[in-house]
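Take a look at this single chain, the form predicted on its own, given in structure tokens.
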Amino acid sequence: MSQQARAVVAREVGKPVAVETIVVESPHHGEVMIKLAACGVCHSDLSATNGTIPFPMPVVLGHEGAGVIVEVGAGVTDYVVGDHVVSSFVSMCGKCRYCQTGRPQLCDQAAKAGYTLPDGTVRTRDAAGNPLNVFSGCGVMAEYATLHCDNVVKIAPDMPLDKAALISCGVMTGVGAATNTAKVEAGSSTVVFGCGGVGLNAIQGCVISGAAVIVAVDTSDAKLEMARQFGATHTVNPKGEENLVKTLRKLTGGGADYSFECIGLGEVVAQAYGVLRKGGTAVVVGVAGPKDMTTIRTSSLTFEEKTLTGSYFGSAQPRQDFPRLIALYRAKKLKLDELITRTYHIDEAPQAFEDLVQGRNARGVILFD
């Protein structure tokens, strides 16, 4: 049965988001409908509204959601009505080369579900009956959403859904960059550039991995204070530094073993690479604009055996990693409650995005009645 739902929609690049009443159609084969409880307001959603990530408009935003399944389509065997689930914004088929070799975050199917469901169609229409695209095959910044079952992961019913929502993107992306992509070793030295939602979780990933030195870098003193709460051993504000790379190399005893760029700027990527000691690894987590470039000294790749790599979705295997992160949360080794700076009603979505632009939150979360 189709459902009417309040949803956050971007209709024009560079314009404020709007809250609209849309129609969400029943699931087709292999799909499920979710009644959302919470959705994180992620910088990637903002990037869709400002054109950093090119998306065809109009689009229902949201990819960091959690809720309860209310309807299942034909052929769905792994989920039933009443299951608690979180969204996974990278559709993973389980069959392609990348899924079969343990890198499902690079799944071929994901490219087909950038703004529709994997079959190229959508289950969302506006009040006039026009189709609405959905962010990363999800569109979960809405009271209801229909997703392919490859885009959802079942979780325990006693896990708070507002906390669980954060795992589905920001936490997985940041923690996974450290634990899965870089495989940070205990006792190592690390530097994290950018202390927003993803950067704070990269810091958490370094803590979980046992890093001895974790240097947080941000231009906001408030975010640097938050970084200390999440495990940073040192903080640096670039505004007060004449030579940031030199300062960071000194703090890390001659260079970091690992660095993480969580902003999405080519010049910061170059700094993240520059702070490394010989044999170090720089991980690019932030999403840069399509024309952004990075320049590094090429010979250092050879003579110093440095590594510059990317991390998408924390190199996640969601059906294994999400439960692991929940277990860490239950064991009080992963901070989720502390990430939620403010919650919003869906009608406050424009304010939530403005707060994101101004850097006021670690994570803002929209709660649905």
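So that there is no doubt, residue numbering starts at 1 and follows the sequence shown. Everything numeric here is computed off the predicted structure, so don't read it as measured data.
What comes next is about the form predicted together with a small molecule, which does not appear here.
None of 176, 196, 280, 104 but one reaches within 4.5 angstroms of the small molecule in the model of the complex through a heavy atom, and that residue is 196. Checking 294, 116, 247, 220 for any heavy atom within 4.5 Å of the small molecule in the model of the complex turns up a single hit: 220. Only one of 93-101, 107-115, 283-291, 149-157 lies within 4.5 Å of the small molecule in the model of the complex by heavy atoms, and it is 283-291. For the chain shown alone, residue 89 is a contact residue for the small molecule in the model of the complex, at least one non-hydrogen atom being within 4.5 angstroms. Shown alone here, residue 215 lies farther than 4.5 Å from the small molecule in the model of the complex, counting heavy atoms only. For residue 346, no non-hydrogen atom is located within 4.5 Å of the small molecule in the model of the complex, even though that partner is not displayed.
Contact annotation: residue 42 falls within 4.5 Å of the small molecule in the model of the complex, judged by heavy atom distances.
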